[in-house]
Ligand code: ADP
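Heads up, the chain below is alone and in the form predicted alone; it's given as C-alpha cells.
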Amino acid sequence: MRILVQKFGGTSLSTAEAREHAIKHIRRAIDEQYALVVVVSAMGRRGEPYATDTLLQLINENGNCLPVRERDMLLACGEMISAAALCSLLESRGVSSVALTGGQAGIETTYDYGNARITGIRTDRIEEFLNQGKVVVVTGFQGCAPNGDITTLGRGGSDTSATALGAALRAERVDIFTDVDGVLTADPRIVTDAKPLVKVSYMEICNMANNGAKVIHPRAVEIAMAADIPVRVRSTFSDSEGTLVTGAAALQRSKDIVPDRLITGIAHVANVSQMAVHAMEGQYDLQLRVFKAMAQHGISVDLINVTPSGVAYTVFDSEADKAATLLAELGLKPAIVQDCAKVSVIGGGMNGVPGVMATIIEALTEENIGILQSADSNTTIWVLVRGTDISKAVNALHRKFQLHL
C-alpha cells in the first residue's frame, strides 16, 4: 500500500467550514489511491468548548487538585471528540472510516503522564482497517502506558503522533495541515513580508521549531528525520503544497527548485531573562554549583556561556525569581536582565562561511540594538536582545539577509 498520514490541527477542525476543507484534502488523497491515516488534534483553541486549554480551565475551576493520571484522562477527551466528529462526517459523505484512540491504534508510551514518550507502535490493527479500504482516524497527542492507562505526549503531541505513525507504517509522506501556508522565513505577525519556504532540511526546521517557530513540534521532526520520511507543512485552507521537509541529500538533488541559500529563516523566543554570575579569583567550582542548583530545582537553562570568569545563561522570565533566590542561597550575586528575547539566525548554508556574525552585528548596530549575549552552532547563531527590540531585530536581520526577496 501507498500510505499517507495526514494530521489536522485544532484550527483545521474548529468550524464546519474548516472541516469541509479537511474533507477536501482527505478526498483528494483517496482519489490519488493512498491508504489514509488521519491524525487529529482537539478542536479549536483556548475558550472553544473542546480545546485542550479549555479542558485545563475546567480543572482549575474544580479545585485544581486533579492527579496527573486523571488529568491525562480528561485532556485526551478533546482529540476523541475530534476523531468521532470527523469519522461521522466522513461516513455521511460515503467515505468508510473508523476512529481509534492512541492506545487502540497501538501507540505505546512511558508512564510519564502529561509528557509521555512513545516507546513503540503496534500497527497491525491500523493495517487491518487500511486493508479493508477504511480511512483510519487516530487521536493525536495520546497513547497508552503498559498498564493500559491513557497518557498524553505534551504540547505539540499530535505532530509527534503523526510522524511516529508515519515512521511505523513506512508511509510515503506525512502532511501536517495547519492555518498557515507552510513554513515562513520569519513570524508573519512580526515580519509582514516573510516568505514561504518551498523546501527545508530536517535540521533547519528542527532548529527553527526549537527556537520559537510554532509550525511543527521539534520532536516530530526528529522522528521523521530518523525514519527519513518526508513531511509537508501545508495550509488546510488552500491547495498550496506548502513546505517540504526532507533530508539534506534530497535538497542537494533539487538545486533547480531550492536556491543555494546562506540563511533559511529568523526565529525568536520572547520572555527570557539573562542571569550572569562572576567568579571570584580562585573560585573554580562556581559553574558546577550554579548549574547543579538549576538542575536540582527543575529550571531549564539556555544560551549558555561558560568562561573562567563566570557564567551567563538564560531562563524563562517566569523562573527568573526562583533562579535568583537559588543563586543568593549559594552566596552569589547574579546580574539579572529580565524581559529579553533570543533571536536565532538559522541556515544550513552558513557552516564555514566567513562574515555571517559580522552581518548580524551590522544589522543590529544599524538599528541601535545592543547584543547582551551570543552563541552559535554550525547551523544557527543566537543573539540575546532586550524584549522591546524584538520586532526591530527580527525585521533588521530578515532584511539584511534578503529573506524577503
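Just so it is clear, the model here is predicted, and its values are computed rather than measured. Each residue number is its position in the shown sequence, starting from 1.
Unshown form predicted together with the named molecule; subsequent notes refer to it.
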Residues V5, T110 and V138 are flagged as a possible site; in the predicted bound form, is every one of them within 4.5 Å of the named molecule by some non-hydrogen atom? no
4.5 Å heavy atom contact, R170 to the named molecule in the predicted bound form: no
Report whether the minimum heavy atom distance between N395 and the named molecule in the predicted bound form is within 4.5 Å. no
Considering only heavy atoms, tell me if Y202 and the named molecule come within 4.5 Å of each other in the predicted bound form. no
Heavy atom of V215 within 4.5 Å of the named molecule in the predicted bound form: yes
Quick one: find which of 95-103, 313-321, 171-179, 274-282 has residues within 4.5 Å of the named molecule in the predicted bound form by heavy atom distance. 171-179
Considering non-hydrogen atoms and a 4.5 Å limit, which listed residue (D149, E127, D187, E222) is close to the named molecule in the predicted bound form? D187
For 2-20: residues with a non-hydrogen atom within 4.5 angstroms of the named molecule in the predicted bound form? K7, G9, G10, T11
